[in-house]
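Encoded as structure tokens, the following chain is the form predicted alone, with no partner shown.
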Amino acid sequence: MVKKLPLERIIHNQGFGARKLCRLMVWNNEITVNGAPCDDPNAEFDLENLLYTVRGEEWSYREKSYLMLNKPSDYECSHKTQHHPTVYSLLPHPLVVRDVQCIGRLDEDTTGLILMSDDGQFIHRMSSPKHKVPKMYEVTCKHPVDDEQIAHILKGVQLIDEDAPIAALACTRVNEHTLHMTLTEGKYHQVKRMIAAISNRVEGLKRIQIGELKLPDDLEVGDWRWLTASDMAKLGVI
């Protein structure tokens, strides 16, 4: 059975403001549905494949939001920031109203792929340690990295405040200063601490892959896009 909802409620559910504001936008002919104007807030529409515009901007109806962001440096993954802008300022306001959340935080100076959603089950699936979702980082080191140091990372390094050595799932050298390191945990400053444990230092850190989902080459720094069905499959959730 196809689910229908009144237009006012649809716009409200999608994050475009209080019910009263949404009703006013409909009355003021600021909404179109599937290409046609509608000035009746109580008009009901099928939610499946629903396309609408709000003040000229096109949207599609989404019961839940799933997206990726190419995080810039000097942004914080928090609503209450301390020293830098929040990554949520890079999103359209309706998504912020819908309370999309970062799935695992990146440090302010770390860049690259971050997932965001308002689906609690999806957030748990991607972030829970028990699911061991692999995450690959491009690590730029201050000093050249040799085979012995890579072997140490793969065997496990002892970090302060950890009971047992921590090992990378994979670690390959791109060039003498750059590594691709894959982890299944998300401990505090883990990559930086692991590199420090082999007497080196991280000069640049970028997350380039989660599961089988790679950061797209055409997603510019600071931009976001919806996750596709193919993306979700690469994350192992379809």
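Because the structure is predicted, anything quoted here is derived from the model rather than measured. Numbers for residues come from their place in the sequence shown, where the first is 1.
Below, we turn to the form predicted together with uracil, even though it does not appear here.
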Applying a 4.5 Å heavy atom distance criterion, does residue 192 contact uracil in the predicted bound form? yes
Is residue 26 a contact residue for uracil in the predicted bound form, using a 4.5 Å heavy atom cut-off? no
So in the predicted bound form, is uracil close enough to residue 138 to count as touching (4.5 Å, heavy atoms)? no
Please check if residue 107 has a heavy atom lying within 4.5 Å of any heavy atom of uracil in the predicted bound form. yes
Among 68, 205, 179, 31, which has any heavy atom within 4.5 Å of uracil in the predicted bound form? 205
Based on heavy atom distances of at most 4.5 Å to uracil in the predicted bound form, which listed stretch, 167-175, 182-190, 55-63, 35-43, is the contact stretch? 182-190
Residues of stretch 154-184 in contact with uracil in the predicted bound form (4.5 Å, non-hydrogen atom): none
